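Here's a solo chain for you in structure tokens, the form predicted alone.
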């Protein structure tokens, strides 16, 4: 069987967590197909990252090092990917659905005359490979069976847990011929936006509020205290963000952040499809809503039917008492 090639991303000298999530998907497909997992690490001074990935499920890791790979460029990185494709002859290439993946993956698919599926959240293998992605603003799950090869797919960060196994692979140097004349754009600088809110994709506990809170001031009054008591982060549903109650950084859902915390508490959230697809893979879900027929209860491990303005403060008080902070 043709191999599976993971296109890893390196940030600040380390392999990004979303790349280890790709390894999880790759390992799942490889087990079903009896194929091998290979990876690509491209950059300058990226040997430590390549070694790290080789020890954590990346299989044979192709290391493309070049001065012109120090910063992302679609032309330079495109050459590195095509060199890895020539070395590995993969049937499937996996990218993270990040700005780099958005830019690079479709170009690679076109260059290889392959199939392209973007923004996937899952993959199934039962005789045929099926990629799942959301359509119509998250209202439907679409299933795609590629008819061309190779298949190039991007996966949502947070769609699965990062691979945490210890499978020793190896690092293979990969020669990539790149010259300044190959680059159609010149790197100037990286500007980091001022951080707002939190990175919910890394939070282990999230307390989210919905339109049921009734007013923006209820978030710092009701939701944030419980999140603080639990040592977690505050989130919100799309209607809350659309209404301007909280910035987009707090939004959980298909058009916000996909999260997989150990504990997810949803207060005053009815459970629109757009929200459910972004949090239903949480380890344990607690839903608090006065509507017993709210869709959120369909994915909840524990449902509480009642007034959130009574339940959430009582829960906050109980947590603080348990911690000796009452």
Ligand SMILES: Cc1cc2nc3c(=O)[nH]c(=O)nc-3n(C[C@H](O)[C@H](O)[C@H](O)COP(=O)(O)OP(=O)(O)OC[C@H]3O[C@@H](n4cnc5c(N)ncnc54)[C@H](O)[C@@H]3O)c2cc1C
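Numbering follows the first chain given and starts at 1. Only a predicted model underlies this, so the values are computations on that prediction, with no experimental measurement involved. So that the term is clear: the rigid core is the largest set of C-alpha atoms that superpose within 1.5 Å between two forms.
Another form exists, predicted in complex with the ligand; not displayed. Remarks below refer to it.
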Does the ligand get within 4.5 angstroms of any non-hydrogen atom of residue 40 in the model of the complex? no
My question is simply whether residue 255 lines the interface with the ligand in the model of the complex - judged by any non-hydrogen atom within 4.5 Å. yes
Would residue 294 sit within 4.5 Å of the ligand in the model of the complex, counting heavy atoms only? yes
is_contact(residue 269, the ligand) in the model of the complex, heavy atom dist at most 4.5 Å: yes
Of 78, 239, 146, 162, the only residue with a heavy atom within 4.5 Å of the ligand in the model of the complex is 239
Looking at 31, 290, 262, 44, which has any heavy atom no more than 4.5 Å from the ligand in the model of the complex? 290
Would 16, 101 and 205 all count as contacting the ligand in the model of the complex, using a 4.5 Å heavy atom cut-off? no
Assert contact_stretch over 63 to 71, 272 to 280, 49 to 57, 32 to 40 against the ligand in the model of the complex, heavy atom within 4.5 Å, equals 272 to 280
Looking at the ligand in the model of the complex, which residues in 141 to 157 have at least one heavy atom within 4.5 Å of it? 156
Fitting the rigid core first, would the Cα of residue 243 be found 2 Å or more away between this form and the one not shown? yes
Align both forms on the core first, then report whether residue 43 has a C-alpha shift of 2 Å or more between this form and the one not shown. no
Would the C-alpha of residue 32 be classed as shifted by 2 Å or more between this form and the one not shown after rigid-core alignment? no
Assert for residue 277-residue 11 (C-alpha, 3 Å or more) in the model of the complex vs reference form: pair closer
One pair moves by 3 angstroms or more in the model of the complex: the C-alpha atoms of residue 259 and residue 94, which are farther
